[in-house]
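There is one chain below, alone, in C-alpha cells, taken in the form predicted alone.
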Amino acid sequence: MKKYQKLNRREALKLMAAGSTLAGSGLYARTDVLSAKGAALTHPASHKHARIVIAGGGTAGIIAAARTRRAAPNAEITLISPNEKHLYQSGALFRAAGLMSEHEMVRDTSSFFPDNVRWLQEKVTAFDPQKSIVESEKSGKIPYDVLIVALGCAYDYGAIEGMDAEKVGRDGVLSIYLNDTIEGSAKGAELSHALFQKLQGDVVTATKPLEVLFCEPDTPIKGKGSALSLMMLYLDLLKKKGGSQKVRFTYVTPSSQLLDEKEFDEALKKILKKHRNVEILYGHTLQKLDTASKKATLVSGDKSVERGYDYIHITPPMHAHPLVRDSALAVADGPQKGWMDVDPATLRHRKYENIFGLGDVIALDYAKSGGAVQHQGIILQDNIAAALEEDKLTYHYDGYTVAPVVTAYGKVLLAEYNSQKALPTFFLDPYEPRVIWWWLQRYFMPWAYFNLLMRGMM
C-alpha cells in the first residue's frame, strides 16, 4: 500500500512559502504522466519556415503560441482571436464568494504573446481543411501548413427550457460560468456574489429553510468541480455566520458520481455525508426553469419532478465552438458528436494530418481543465516539431486532468486523475482536503497562471 506524507498546517504554510520551488518543478506537469519513459519531452525544434495558424486566443491558444514558438523558432506563426483582454476564469469561484477582485482576474491579451507571433485581432469565420485555409472576418483567406484549433467551448443556457443568459443575476438565478471572454469580464461571478450577499440577508429573516439548488448538465463540462466548490464554500461561509441551518442545498447531477475517478469520488462523498443540510440528487438533469414561480423541472429517464427553490446555480450545457461543431473538423456521430475529432493521445486530427487541437474544444470525455491544457500544451509542442520534420508522433497525452474541489473555507481536495487512476503530483495523501491546496489555488495559481503557464514555462 502506498504511504503518503502527513502534513500539518504549519508545514503546509512552509511549503507554500517555497512557491518558487513549486514553480520550478512545474506544478501539474509530472513527467511520469506525460511519458511512459518518465522523462521530459524534448523533441528537437524544427527550423523549417512553416506557416502555422492558431485559431483562438484563450488559455489554450496562448499556451499553444508560446509552445509552438519554441518548437518551431523559424515558423511564421499567426494567432487569430478578437479578445483584447484575457480572463483568468478559474478565479470566478473565489470572486463569487467575495474572495478575489475582478482586477486580479484580468490582463491585456497582448502581454502574453511571444516575440514574432503575429496577432490578428479578429474572429475566425470558417475552416477549409481540404485547401488548408482559415478564413477570418477582416483578413479573409489565410493559408497554413499547420493549423492549431483552440477555440474552446460554448455555453448553451437556452438548451434549458425557460432559461437564457440574461436571467443570471435575477430571480435567484446564479451561474459563475457566465462571462465575456472578449471584454475579459466575469459577469456571472459578480452577479453570483451579489445574490449570495442577498441570500445571507434572507437567512436572517427566513421563517423556514431556504432551498438552494446547484444543477449540472448532461454534457461534457469545463472546470469539473467548480459548482460543487461554490456550494461547499457558500455552505461553510453561512455556517461561520451561524446561518447554515436555515439553508438546504441540493446538488443535481445526471451522473452517479461527483468526480470521474472512483477513489476521489468516494472521498468527496464521505465529506458530503457529514452535512445534514446537503442532498445529492443523482441521475437527474435540469430540463425546465420557471423563474416567475421559482420552480425547476428535473428529469430522470422518463420521469420528471418539480422542485421549488429560492436560489439556483446553473452550470450551462456546453458544446464545442460553433465553428468547429458545424465543420468537417467535428466528430460526426456518437456521444462526442460536434467536438473536434482528434487522436486523444497525439492531439492530431484523425483525418487532416496538418491540423491539431487542444483545450476545451477537443473530443475528450472530461479532461477540460487548465491542468489538462497545460499537459496538452507540452505534448503539442513536441508533436508539432515532430510533424514538421515528418517524424512519427511518439509523444502522448494520457488524459490527465485536475479538479480542485473546495470542501470548506480554507480547504481544497486536489483531485488529479485520468480515466484509469489518480495521478497526484505530490507525495501526500491525495484524498485528504488540505490547507496547502487552498493557498495554492487562491494565491499561487493566479500568479503562476499569468507569469508561467501562459508563457509556456510550466
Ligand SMILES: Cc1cc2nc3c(=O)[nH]c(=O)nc-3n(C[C@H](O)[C@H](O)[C@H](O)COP(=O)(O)OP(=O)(O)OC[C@H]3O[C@@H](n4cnc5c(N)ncnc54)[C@H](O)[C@@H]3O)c2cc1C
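Numbers follow the displayed sequence, beginning with 1. These numbers were taken from a predicted model, which means no experiment stands behind them.
Here the subject shifts to the form predicted in complex with the named molecule, a form of this protein not shown in this document.
- Screening 400-408, 423-431, 43-51, 385-393 for residues having heavy atoms within 4.5 Å of the named molecule in the predicted bound form returns a single hit, 400-408.
- When contacts are judged by a 4.5 Å heavy atom cut-off, D156 does not count as touching the named molecule in the predicted bound form.
- Looking at Q89, you'd find a heavy atom of it within 4.5 angstroms of the named molecule in the predicted bound form.
- Residue contact with the named molecule in the predicted bound form: L151 places a heavy atom within 4.5 Å of it.
- Put simply, G357 is far from the named molecule in the predicted bound form: not one heavy atom of it is within 4.5 Å.
- The contact with the named molecule in the predicted bound form, taken as any heavy atom within 4.5 Å, belongs to G371 out of G371, G338, P254, G169.
- Interface residue among K123, K295, K269, K239 relative to the named molecule in the predicted bound form, by the heavy atom within 4.5 Å criterion: K123.
- In sequence order, K222, G223 are the residues of 196-223 having a heavy atom within 4.5 Å of the named molecule in the predicted bound form; the partner itself is omitted from this view.
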